[in-house]
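Take a look at this single chain, the form predicted on its own, given in structure tokens.
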Amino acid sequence: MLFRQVYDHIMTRMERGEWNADDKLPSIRCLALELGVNRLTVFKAYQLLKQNGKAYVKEKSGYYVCPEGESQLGDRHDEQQMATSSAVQMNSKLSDIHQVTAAYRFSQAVIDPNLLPNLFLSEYVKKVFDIYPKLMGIYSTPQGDEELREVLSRYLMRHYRVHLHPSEVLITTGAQQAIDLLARIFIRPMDAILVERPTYSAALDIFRAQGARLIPVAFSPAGYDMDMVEMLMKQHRPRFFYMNPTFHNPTGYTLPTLQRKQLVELAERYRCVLIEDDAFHEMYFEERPPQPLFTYDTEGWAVYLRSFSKYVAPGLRICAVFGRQSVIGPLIAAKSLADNGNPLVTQKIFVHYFQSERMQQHLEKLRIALQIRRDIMEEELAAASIDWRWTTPKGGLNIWLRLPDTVSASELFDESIRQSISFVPGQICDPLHEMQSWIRLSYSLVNEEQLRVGVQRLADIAQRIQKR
């Protein structure tokens, strides 16, 4: 609810020391104007502050910070858990999900290291150090290695006929850093942004940390309701629309070409930046996915995040941000403050392997291996005596599974963890903290035998829950 976001915003400012004990808080009218929300929304937030002992009222004067507020700030997490749904509690509980030790890890959308070109890559490491003997003694620029940026700009030109100068490319430490930097330069507290429902949970955490107001856009196998998207853009004037339109995480859906073109037109009309996160573009099984939205943009409203190292060597953490100077310039400044640039050695290793014939050979084999694993997971899911449903992904690393009403996702998760099986509950991917009937299963990390056994055990757990 919006008033809870305003409540969190006020609490954050208290924690930063902007308002201390007995300080007067802004009037309802002033804060509503500052945040661009209705006065009733601010009133509800202030009432919740009063209810939780964070603020008190002076008659005909206004709201003030409670003297004991400083000592109570540390209890904020407990209050939020009591005040919000169990989905939020699960989200908090799952913040370390990827660190849970499990024999059957269906929670991580990463590729099995045994499917990666480890031997070939080691040869390129030696080759790179022969070419650049002083490599370890040189810093990269904050924007990224010029040779790599030139190669990637040519790649986009060759595949999509997009004319892009290397100065319009930024290299980041994975897509998550790119999302974080974009959030820092675009979002002010309580700014509206559009996000898919569901979406990449880490991005939601980043946007919430910046104080964004999340406006959900439902994503189905058919794509978006474009009339609804236009209405939301017109009504909320969002700073940007964060999307993952190709082999979407967590659903696996892909946005049709027509809607991609329509979105670019809407972005220009309503001056809404499109942030396109494309981590799985090369992981297609039957046919190539549609062109990125970025390739249809002529006015600079699209920013394209392309992760390249996920299917080569995730440890290299190479993501390229493609955009016009109006975005890349501020991003370079933010990147220089964050880490002053990616390690040059990883960029050089990647750029030399990326241009090789072995790279294409590896991709062809990898697609086959991932498709086999997807088919195995679907086969085992279909064989189970559970009425769970899903849409077959045509690429990517995940299956988005709907549970029957008789199976609780939270109960399934707790029991699965006890039996060394991990997955991602749908609530943490939902900006509204709902979607309690969905889970994400990743088929890319565990081997074929583990896939069969793990899904069979997951089905057994679900059946026991169903019989209770």
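Think of the rigid core as the biggest set of C-alphas that the two forms share within 1.5 Å after superposition. Everything numeric here is computed off the predicted structure, so don't read it as measured data. One-based numbering along the sequence shown.
Keep in mind that the form predicted together with a further copy of the same chain is missing from the display, and what follows is about it.
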Answer option from 116, 102, 190, 229, heavy atom within 4.5 Å of a further copy of the same chain in the model of the complex: 116
a further copy of the same chain: the contacting residue among 258, 368, 209, 383 in the model of the complex [heavy atom, 4.5 Å]: 209
Region of this chain that lies against a further copy of the same chain in the model of the complex, out of 355 to 363, 281 to 289, 123 to 131, 259 to 267 [heavy atom, 4.5 Å]: 123 to 131
Residue contact check: residue 349 to a further copy of the same chain in the model of the complex, 4.5 Å heavy atom: yes
Residue contact check: residue 180 to a further copy of the same chain in the model of the complex, 4.5 Å heavy atom: yes
Residue 136: touches a further copy of the same chain in the model of the complex, heavy atom cutoff 4.5 angstroms: yes
a further copy of the same chain contact at residue 34 in the model of the complex, heavy atom, 4.5 Å: yes
Residues within 4.5 Å of a further copy of the same chain in the model of the complex, restricted to 312 to 336 and counted by heavy atom: 313, 314, 315, 316, 317, 336
Per-residue C-alpha change between this form and the one not shown, residue 457, threshold 2 Å, rigid core fit: no
Closer or farther: C-alpha pair residue 425/residue 9 in the model of the complex, relative to this form, given a change of 3 Å or more: closer
Sense of the change in Cα distance from residue 33 to residue 271 in the model of the complex - at least 3 Å versus the shown form: farther
